[in-house]
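Only one chain is given next, in structure tokens, and it is the form predicted on its own.
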Amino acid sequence: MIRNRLITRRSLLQTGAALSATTLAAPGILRAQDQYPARNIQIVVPTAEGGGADRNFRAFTQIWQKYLNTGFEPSYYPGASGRVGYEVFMGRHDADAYSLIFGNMGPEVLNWAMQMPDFSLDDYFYWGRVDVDPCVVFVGAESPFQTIDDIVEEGKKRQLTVGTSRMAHPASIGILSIGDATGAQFNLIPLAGGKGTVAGAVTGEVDFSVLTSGSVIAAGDAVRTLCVMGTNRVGERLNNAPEMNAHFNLDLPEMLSSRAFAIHRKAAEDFPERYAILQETFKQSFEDPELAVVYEESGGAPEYLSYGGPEECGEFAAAMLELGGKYKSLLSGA
């Protein structure tokens, strides 16, 4: 038996279709299962307390708890680029819909492309996307590079060093794809998280850096964004930088930091009424105008709030897994 089989596009879409049908039946189910939830929901966060994922989680659940009518109890398991948290979630938490994991789909799915976990990837799935924060190419304010085309032209003459928060990250895949499309040569340099990646560009330790845009916006005038690896939803706050696909005539998925809730597949299958309630109340939270307020107060850009169901999550995760396999040899060392 092949234990660590990949999530296939087919299986993910099948999951989405099945769960959409469940959601349509939610009103009746809600009436029949009014005892759920009978206790707090446990949330595994595979990063450190106080980080971006934690702030995002706290802001969203502040609204979600109004509709789900229960509390959330987070536990934090940083380490090994998120692998520790997933191992704990899959190995120690019951598949009863009282345990969820709140993950950053892009970089955490890419982990599996580098090295498969001890559990099957089909044993859990993302079903509730909270946000879509695009990755960007940026330089320090004193950099001689003024445009992404300047970088590409220089990269055709010599190999440029590129700071990244971790090797297996959507931002890394984005810049490698630009190199493939243009012939420019880029050498990824893993720096110490988001702050280290910003510092590398500002100090000139690397020629330029790639990172999710939230951290770049927070750096203010110390940096300048030259390209957005997705949709530029915030305009001037990213220097009205061009979008990767349009500028380089590419057809890639958006390279995102995209946080989402995931559940054991067995829980969704054994307790479809509970899963339907989770979905319904999760979606209701996006219709609450207070969500944008608390999200902005937490440091997030409200423009990045974006509801996504199991199908949208599944398509993104599958795309990241496929691209991770393509660039695996260049992403080692994560």
Partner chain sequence: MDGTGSILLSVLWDTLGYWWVIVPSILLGLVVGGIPGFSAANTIIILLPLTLSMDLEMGLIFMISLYCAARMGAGIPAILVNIPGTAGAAATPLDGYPMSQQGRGQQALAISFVASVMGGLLTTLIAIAAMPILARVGFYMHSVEMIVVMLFGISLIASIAAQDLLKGLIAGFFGLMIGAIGTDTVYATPRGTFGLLELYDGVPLIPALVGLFAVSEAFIIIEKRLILTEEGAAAMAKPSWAASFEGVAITLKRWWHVVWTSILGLVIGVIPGAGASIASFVAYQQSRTFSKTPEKYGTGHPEGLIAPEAANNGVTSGTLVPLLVLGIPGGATAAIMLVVMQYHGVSFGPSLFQRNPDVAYGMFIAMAVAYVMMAFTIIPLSRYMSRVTTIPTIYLAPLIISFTLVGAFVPREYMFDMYLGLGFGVLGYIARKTGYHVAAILIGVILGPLLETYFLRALKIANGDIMVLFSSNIGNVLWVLLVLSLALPVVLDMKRRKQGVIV
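Numbering follows the first chain given and starts at 1. Just so it is clear, the structure is predicted and the values come from calculations on it, not from any experiment. Throughout, rigid core stands for the largest set of C-alpha atoms superposing within 1.5 Å between the two forms.
Omitted here: the form predicted together with its partner chain. The next part is about that form.
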Contact assignment for its partner chain in the predicted complex, among Asp123, Glu236, Asp96, Glu142, heavy atom within 4.5 Å: Glu142
Its partner chain isn't shown here, but in the predicted complex which of Asn187, Asn240, Gln146, Asn249 has a heavy atom within 4.5 Å of it? Asn187
Does its partner chain get within 4.5 angstroms of any non-hydrogen atom of Ser81 in the predicted complex? yes
Heavy atoms within 4.5 Å of its partner chain in the predicted complex: does Met167 have any? yes
Taking 4.5 angstroms as the cut-off for heavy atoms, does Ser298 touch its partner chain in the predicted complex? yes
Hey, in the predicted complex, does Asp270 get a heavy atom within 4.5 angstroms of its partner chain? no
Counting only non-hydrogen atoms, the one stretch of 261-269, 279-287, 55-63, 304-312 within 4.5 angstroms of its partner chain in the predicted complex is 55-63
Of the residues spanning 220-234, the ones with some heavy atom within 4.5 Å of its partner chain in the predicted complex are Gly220, Asp221, Ala222
After a core superposition, would you say Ser143 shifts its C-alpha by at least 2 Å between this form and the one not shown? yes
Using the rigid core as the reference frame, would you say Arg237 shifts its C-alpha by 2 Å or more between this form and the one not shown? yes
For Ser215, state whether the C-alpha moves by 2 Å or more between this form and the one not shown after rigid core superposition. yes
